[in-house]
Ligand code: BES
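Listed next as structure tokens is one chain, alone, in the form predicted on its own.
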Amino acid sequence: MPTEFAADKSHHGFRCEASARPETIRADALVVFVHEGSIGGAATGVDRATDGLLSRLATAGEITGKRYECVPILAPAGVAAGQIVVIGLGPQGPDGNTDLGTLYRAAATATRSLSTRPRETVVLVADPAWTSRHTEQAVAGAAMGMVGQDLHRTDKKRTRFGTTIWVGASSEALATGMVIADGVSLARRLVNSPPDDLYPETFAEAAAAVAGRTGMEIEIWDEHRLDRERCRAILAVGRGSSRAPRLVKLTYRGPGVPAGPPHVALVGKGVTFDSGGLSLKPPDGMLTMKCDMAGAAAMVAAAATIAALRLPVNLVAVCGLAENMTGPAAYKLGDVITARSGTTIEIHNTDAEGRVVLADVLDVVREMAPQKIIDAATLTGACMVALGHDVAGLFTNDQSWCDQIAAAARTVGEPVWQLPMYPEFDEQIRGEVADIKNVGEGRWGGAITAAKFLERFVGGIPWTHVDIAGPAFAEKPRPWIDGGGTGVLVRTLVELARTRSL
């Protein structure tokens, strides 16, 4: 199921031509990037070769350079390619460049527009002003743009190019960009897999395959081990399903890094399908609930990418996997569950199951004594009410740690926003029958009360919770991506590891 990880300059048909003149390469299409209001940088040579065609079109208003504008020019004289595709990057930044997130999405927009039919060769031109990080993100975006969610369509909407040539890119940047693309692709493919194919056992098998390819250690707890470990919260959520829960633990030790407690624990919610349980969701709300394991997908994919890049950090990635179904043994409203930590939880809503699963996972992680914890979960619709479909919510018990995550997210262009964790919200989850209940008081502040629930299980270790309910799944296509899983947070976590913020 997962894609392979490799670091090769011809990986997936991608290769670089560091010194070639792009206008001389025979190809189906030649892609150049322009900023708003100017035909400059790498586009200048192509403009010159076409006797100023790009400049004339810009003067006429046909090319504006606005963000993600995609202008195809068919059969242009002066270049060997069958068409030129001009992609807008929006206004230049203060340093004369563009941010990494815009570049990632712009490159994806270009390849997505071209991938609707088979192409033997496509050339993309890296700007001389780009840093290696810019090139890596553009390469990753270009690889992602030609991959859709149509895993089971006979007639595919997207077709990978036979060869993708990057002019002006180094082989190192190309290789790193492709490893990042593989990580995002893995997360997307896991999320897009049908729930009858991807359930706790098969997710664990996919994680084991990834571990085997990247050299990570893996430990899988089945329902019997979960019972011995007192993980009764995970077991309760999975009780209504014929498919038993799992817990997956991946361990990566960076080269040359001394042994010791993990620098960070990556924790993922892996509800492989969420019917809502006895608090049953309506059909429209259930249709995309194969995506309720996107947090676990992001953490497995991020760990795999970090391992493939051989980054100098030590980490564990731990995911709780369960199906939330309505079978005869399903957990019920009013049940009291004793979590692994000994905390008792009264169930007021079986559709607030993700936090119940994570209660046990966080306690498992707490015993490992990592320096820091970050969890990712499609946890609450309330976070989408607050922040919309594109922005992930941040919640923390340690401001410095949260700031590092936010900075990494801003660097790669994955929007996040911090919400408050005032102690008054603790009162809303305080129980009358048990220590805590699994929902707050009514609809208001639901993303915060969910985070407050999780905070009870981290034992004071610096921790940040990322609610990815909005950006984890695109219900309709964007210029740069088909609908379905987005692979959100993978690039942020890799950037966090690369800057050694872990």
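Here the structure is a predicted model, which means the values were calculated and not measured. One-based numbering along the sequence shown.
The form predicted in complex with the ligand is left out here; the points below concern that form.
Visitor: How about V439: is it within 4.5 Å of the ligand in the model of the complex, going by heavy atoms?
Guide: Yes, contact at 4.5 Å.
Visitor: Heavy atom to heavy atom, is R239 within 4.5 Å of the ligand in the model of the complex?
Guide: Although the ligand is absent here, R239 would stay clear of it in the model of the complex, with no heavy atoms inside 4.5 Å.
Visitor: Within 4.5 Å, heavy atoms only: does R355 come near the ligand in the model of the complex?
Guide: Yes, R355 is a contact residue.
Visitor: Consider D363 of the chain shown here, and say whether it contacts the ligand in the model of the complex, taking contact as heavy atoms within 4.5 Å.
Guide: Answer no; every heavy atom of D363 is more than 4.5 Å from the ligand in the model of the complex.
Visitor: Each of D351, L379 and A469 within 4.5 Å of the ligand in the model of the complex, by any heavy atom, yes or no?
Guide: Checked in the model of the complex: all three residues contact the ligand.
Visitor: Tell me, out of L309, V71, M384, M325, which residue has a non-hydrogen atom within 4.5 angstroms of the ligand in the model of the complex.
Guide: Comparing distances to the ligand in the model of the complex, the residue within 4.5 Å is M384.
Visitor: So which of D182, D274, D375, E414 gets a non-hydrogen atom within 4.5 Å of the ligand in the model of the complex?
Guide: Answer to the contact question: D274.
Visitor: Just one stretch in 201 to 209, 107 to 115, 157 to 165, 287 to 295 has heavy atoms within 4.5 Å of the ligand in the model of the complex, so which one is it?
Guide: In short, 287 to 295.
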